[in-house]
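Below sits a lone chain in structure tokens, taken as the form predicted on its own.
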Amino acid sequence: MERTLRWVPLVWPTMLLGIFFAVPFAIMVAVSLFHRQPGGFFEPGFELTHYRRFITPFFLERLGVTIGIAAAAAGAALAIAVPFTYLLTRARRRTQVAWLIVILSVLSLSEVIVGFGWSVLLSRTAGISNLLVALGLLEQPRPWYPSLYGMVTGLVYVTLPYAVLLLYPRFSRFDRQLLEAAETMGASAPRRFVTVFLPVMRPALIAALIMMFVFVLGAYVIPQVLGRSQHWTLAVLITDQALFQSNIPFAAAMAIFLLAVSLVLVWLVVRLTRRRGA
């Protein structure tokens, strides 16, 4: 009886998971196997035509672009978030609260507002390049969007607050005596940070990197607004197939393919970190 009662609190979350994830996912898998008819319609069936398109050079290239952009944005956001969060946890309590309020306010912004805001900042007419011209660093204004660098910049801006919030609790609980012990042995501040702090925080860093990588894999607005068509990720192509090409079965197959790829990549990262003792 006691064993049965232990499972009672899990009944409601399991029901919600089944209703809002398992059932829609099963429907999406079924639709991905349907037959598409001319005119944007589809009928029940069982065919792997949509999945065969993934082995074409075009989609293999799109997959490589998507993974590369996600890795670059997640790595850049983590590289900025780690020293920032480290210094934030060493600041006074009021300073920490103020910065956390700013970070939470950034998260309240819609991704659409962020995307079009960065499009203005990276434009030729009213962008950052005009400020650089006024400072004498550039001869004339230049547009920095749509471009790969502009898109990655927008993705880093969107993911950076999440990285800070993921790292902040773990960094706050770090035992400062480890750094003090390294200091008494003559280690400089940068060396203490690299040889003591980062190895201890390795699990938190890997978890944050995985979370941001998966988040960028599903980004849609930023790549479409700030990137060129050759920089579009699979998330953008899924929306294009579903809304503009009226090819719902192929869009569902692409969504399943993207989910499978992300799960495989996360599994590989977890396996590699376990072998290294993280």
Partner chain sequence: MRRLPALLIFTLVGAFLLAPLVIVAGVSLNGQKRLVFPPREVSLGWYGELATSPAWLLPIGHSLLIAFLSALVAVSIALPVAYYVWRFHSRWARALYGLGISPFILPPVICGLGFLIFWASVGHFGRFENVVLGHGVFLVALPLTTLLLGFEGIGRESMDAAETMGASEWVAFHTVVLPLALPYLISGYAFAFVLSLNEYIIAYMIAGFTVETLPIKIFNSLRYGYTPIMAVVSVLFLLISVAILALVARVSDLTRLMGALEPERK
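Residue numbers count along the first chain shown, from 1. Whichever C-alpha set is largest while still superposing within 1.5 Å between the two forms counts as the rigid core. As the structure is a computational prediction, the values presented were derived from the model and not from experiment.
One more form of this protein exists, namely the form predicted in complex with its partner chain; it is left out here, but the text below deals with it.
Do residue 51 and its partner chain come within 4.5 Å of each other in the predicted complex, heavy atoms counted?
Contact check for residue 51: no, nothing within 4.5 Å of its partner chain in the predicted complex.
Any chance residue 214 has a heavy atom within 4.5 Å of its partner chain in the predicted complex?
Contact check for residue 214: yes, within 4.5 Å of its partner chain in the predicted complex.
Please determine whether residue 218 contacts its partner chain in the predicted complex, using a 4.5 Å cut-off between heavy atoms.
Residue 218: yes, in contact with its partner chain in the predicted complex.
Going by a heavy atom distance of 4.5 Å, is residue 135 a contact of its partner chain in the predicted complex?
Heavy-atom contact with its partner chain at 4.5 Å: absent for residue 135.
Quick one: in the predicted complex, does every one of 63, 67 and 144 get a heavy atom within 4.5 Å of its partner chain?
Spot residues vs its partner chain: no contact at all.
Judged by heavy atom distances of 4.5 Å or less, which residues of 232 to 254 approach its partner chain in the predicted complex?
235, 238, 239, 242, 243, 244, 248, 251, 252 sit within 4.5 Å of the partner.
For residue 91, is the CA shift between this form and the one not shown at least 2 Å following rigid-core superposition?
Yes: residue 91 shifts by at least 2 Å between this form and the one not shown.
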